[in-house]
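Quick heads-up: it's one chain on its own, the form predicted on its own, in structure tokens.
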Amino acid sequence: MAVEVRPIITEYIKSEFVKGDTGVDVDSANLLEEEIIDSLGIFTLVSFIEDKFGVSVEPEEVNLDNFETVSAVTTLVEGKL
């Protein structure tokens, strides 16, 4: 059974970082430019990804390109599964 990565990541970001602001479309937003996630938030998200999906995110993979959008985060995780 394939894991649905994108909806899990989207829901986590909504619940952890958006804090009730339902006007934000997390799925299509630039998470960094729109200040949904900051540098500390990236590390919080990395910890969640490692725990939830049982993968290891290498230090060199923790960069702006991999955490700019939900699509980028999804691609990173799916590449590790």
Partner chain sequence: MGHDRHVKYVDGLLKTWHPSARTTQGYGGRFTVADVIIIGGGPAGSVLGSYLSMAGVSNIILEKAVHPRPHVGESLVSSTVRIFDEIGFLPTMEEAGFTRKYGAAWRPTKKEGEFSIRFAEFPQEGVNQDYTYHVERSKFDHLLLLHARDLGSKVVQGVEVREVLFDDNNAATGVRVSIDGASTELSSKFVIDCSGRNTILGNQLGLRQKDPVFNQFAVAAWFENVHRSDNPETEEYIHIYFLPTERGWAWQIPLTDEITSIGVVAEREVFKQSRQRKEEYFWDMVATSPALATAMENAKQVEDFNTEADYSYVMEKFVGNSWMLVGDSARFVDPIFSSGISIAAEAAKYASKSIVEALQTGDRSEAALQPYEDKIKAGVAIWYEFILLYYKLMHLFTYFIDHKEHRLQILQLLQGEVYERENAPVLDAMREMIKTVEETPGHLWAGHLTDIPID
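Quick caveat, the model's predicted, so the values are computed rather than measured. Residue numbers count along the first chain shown, from 1.
Separately, the form predicted together with the partner chain exists; it is not shown, and the next lines address it.
Residue contact check for Ala29: none of its heavy atoms lie within 4.5 Å of the partner chain in the predicted bound form. Although the partner is absent here, Asp25 sits far enough away that none of its heavy atoms falls within 4.5 Å of the partner chain in the predicted bound form. The partner chain in the predicted bound form comes within 4.5 Å of no heavy atom belonging to Glu34. Although the partner is absent from this view, Glu11 stays clear of the partner chain in the predicted bound form, with no non-hydrogen atom inside 4.5 angstroms. Contacts to the partner chain in the predicted bound form (heavy atom within 4.5 Å) from stretch 56-81: Val57, Pro59, Glu60, Val62, Asn63, Leu64, Phe67.
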